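Quick heads-up: it's one chain on its own, the form predicted alone, in structure tokens.
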């Protein structure tokens, strides 16, 4: 990759350097969390975490592990900055996001540290474009304190079955109601839209259900406006984990395979809109 031939002396000035042979492996996962203009980038030895929030009630995180990158160099324990995600995606797709066989845009991403812009070197077919995107003081993301030890109910589904459910439910509904229970209806999605009430049920023995771990009956409602952005992650995922804790906080974790077959994760947290009395 021509971009990797930059001199070592040039690299020494950067606290973060990340190379990808195919920029789509980054842009596709970032599109899955684009619901607001700005995102917080956090780089650690494990890789990149990109966070977007809405109204302090919803948080979307994209995790791109360090081994996804052909090169990943970090000179500090943690590097964090805020950036305009819309501008970043425009830059990553500056060559049109070509999907033609054999055509891919190589990416070299460099950051010198606090107050400096994020530098993108994009190369396709011998043409190199350099983009500088201003970074901003990051707002600290909310810690929803969602812990696996506090998970009350959890199911893992094939993404196709959840796509089918969303296509049949009434998306004019202001809320999506989720019922998870150790007894029937086990896992139910409900909407209350213009065309009336609709329910979509999953049996715990369904072929689409990879894991069913429900300890108590929970019914919670979530604002559809906050959940709709997560359908972008659903569209490119192959599995989804649906978890709730004792407060009714919802975690949707999507497993996404990139063009190289590598696995990345997108996770959405959503606060319950209102608790529903059990019938």
Partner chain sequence: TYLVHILDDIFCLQFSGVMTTISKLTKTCVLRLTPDHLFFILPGKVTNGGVGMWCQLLQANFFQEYQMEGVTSEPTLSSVGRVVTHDVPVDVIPRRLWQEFQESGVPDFDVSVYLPPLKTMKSVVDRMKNLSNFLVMEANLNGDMNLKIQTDLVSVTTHFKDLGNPDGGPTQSRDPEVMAEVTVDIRKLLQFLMGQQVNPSKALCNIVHQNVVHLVLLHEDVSLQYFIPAVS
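Positions refer to the first chain, counted from 1. Here the structure is a predicted model, which means the values were calculated and not measured.
The discussion below concerns the form predicted together with its partner chain, not included here.
Undergrad: Tell me, please, which stretch of 190-198, 87-95, 164-172, 71-79 lies within 4.5 angstroms of its partner chain in the predicted complex when heavy atoms are compared?
TA: It is 87-95 that comes within 4.5 Å of the partner.
Undergrad: Just one of 208, 106, 133, 151 has a heavy atom within 4.5 angstroms of its partner chain in the predicted complex, so which one?
TA: It is 133.
Undergrad: Might residue 112 be said to contact its partner chain in the predicted complex, defining contact as any heavy atom within 4.5 Å?
TA: No, residue 112 is distant from the partner.
Undergrad: Quick one: is residue 129 in contact with its partner chain in the predicted complex, heavy atoms, 4.5 Å cut-off?
TA: Flag for residue 129 set to yes.
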